[in-house]
Ligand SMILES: Cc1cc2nc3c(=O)[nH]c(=O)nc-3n(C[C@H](O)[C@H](O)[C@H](O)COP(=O)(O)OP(=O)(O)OC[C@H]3O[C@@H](n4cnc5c(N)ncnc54)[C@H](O)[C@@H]3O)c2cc1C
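The chain below stands alone and is given in C-alpha cells; this is the form predicted alone.
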C-alpha cells in the first residue's frame, strides 16, 4: 500500500477548528458541509479529515470537568472517562473523505456526510457558523495516470465524495475522464439535475445537465432500481460505457465505495489489464496509525505467507487494487 504515495506538496497534518461556511441537503441521504480552511491548506483527492463529534465541546468541557487545555502543548484532548458512560456517545473521531477543495478566494474544504450513527448524525446537524474540531489532511491520495489514458472514476455510496474532487483535479490537469455514479435510486444520489434522468436500461450514457454540484467531466448514472440512468451497478455501467464508447482505448480505473463494488472494479481492471486505484472504506479510531483498528491484508512478496497487514489510515486509504487481498 506504499503507492500511490502522499504528494510532497500537501499540507502537514494538524488539528484545526474549521468553521461551517455552508450546509445543504444533497439528495435524500446526504448533507454537504463546506468548511473554512487556512490559506496555506493544500490537500489532494483521496485524503481525509478526522472529525471530532461532540456537541459544544467547550460547554462539555466545563460541565463534565473535562480539561480544556492540551497536555504538554500537544494536539490531543485529555479524556476523563466520562465519555464511555454516555449512551450512544461518539467517543472516537469520524474519518470523512475530503470531497472537494476550492482555493479561489477563501480556501474551502467540502465534505459529504451521510447521517447514519450518532457521530454522523451530529455532524450533519451542524449549522452554518458552528466550528468542527478537525485533524487533517490525512492519508495518501490518488495519482493521475502516467500517460494520456482515459481515467474512469467510479463512486458508490459515501465513496462518491473523493471522486468529485478527483474529477476536479484531473480536469484542472487537462486529463480526460468519465465519472460513473452508482446508487440504489436517483433520490439517493447527492446531485440535483436540470430534469429527472431518464431510464436507459442497459445503455450507459452521460446524464442530463447536473445543476449541483458542478462536475467537470461526463457523468454516467447507474441505479439499481433502473428508474433513472443505467439499470445496474456502477461497475456494470462503467464496463458497458467502455464497450459502447471507447473500444480499445487504454484506461485507468479509480474507485471509492462499498467493498463489493471495489472488488468488482478490481476484477474489471484485471480483465482489461488496466491499472486500478481504490480508496478503502475502513473503520478508523485515531486516523494516524496509533490505534491499529484499520489494518488490511496486502500482498507482500517478501513475506513468507505472501501478504502482510497495512494500516489504511497511514499507508492508505488509496491503494493499488492489485495489492489488496480481497476477503
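In this text, all values refer to a predicted model and were calculated from it rather than measured experimentally. Residue numbers count along the first chain shown, from 1.
Absent from the display: the form predicted in complex with the named molecule. The rest refers to it.
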Subject >> residue 119 within 4.5 Å of the named molecule in the model of the complex, heavy atoms >> reply: yes
Original post:
Is there a non-hydrogen atom of residue 165 within 4.5 angstroms of a non-hydrogen atom of the named molecule in the model of the complex?
Top reply: no
Subject >> residue 113: touches the named molecule in the model of the complex, heavy atom cutoff 4.5 angstroms >> reply: yes
Subject >> Partner contact for residue 95 in the model of the complex: the named molecule, 4.5 angstroms, heavy atom >> reply: yes
Original post:
Which one, 237 to 245, 119 to 127, 177 to 185, 209 to 217, holds residues whose non-hydrogen atoms are within 4.5 Å of the named molecule in the model of the complex?
Top reply: 119 to 127
Subject >> Contact residue in the model of the complex, chosen from 158, 109, 251, 141 - any heavy atom within 4.5 Å of the named molecule >> reply: 158
**OP:** Using heavy atoms only and a 4.5 Å cut-off, determine which of 280, 298, 264, 42 is in contact with the named molecule in the model of the complex.
**Re:** 280
Subject >> Residues of stretch 33 to 51 in contact with the named molecule in the model of the complex (4.5 Å, non-hydrogen atom) >> reply: 48
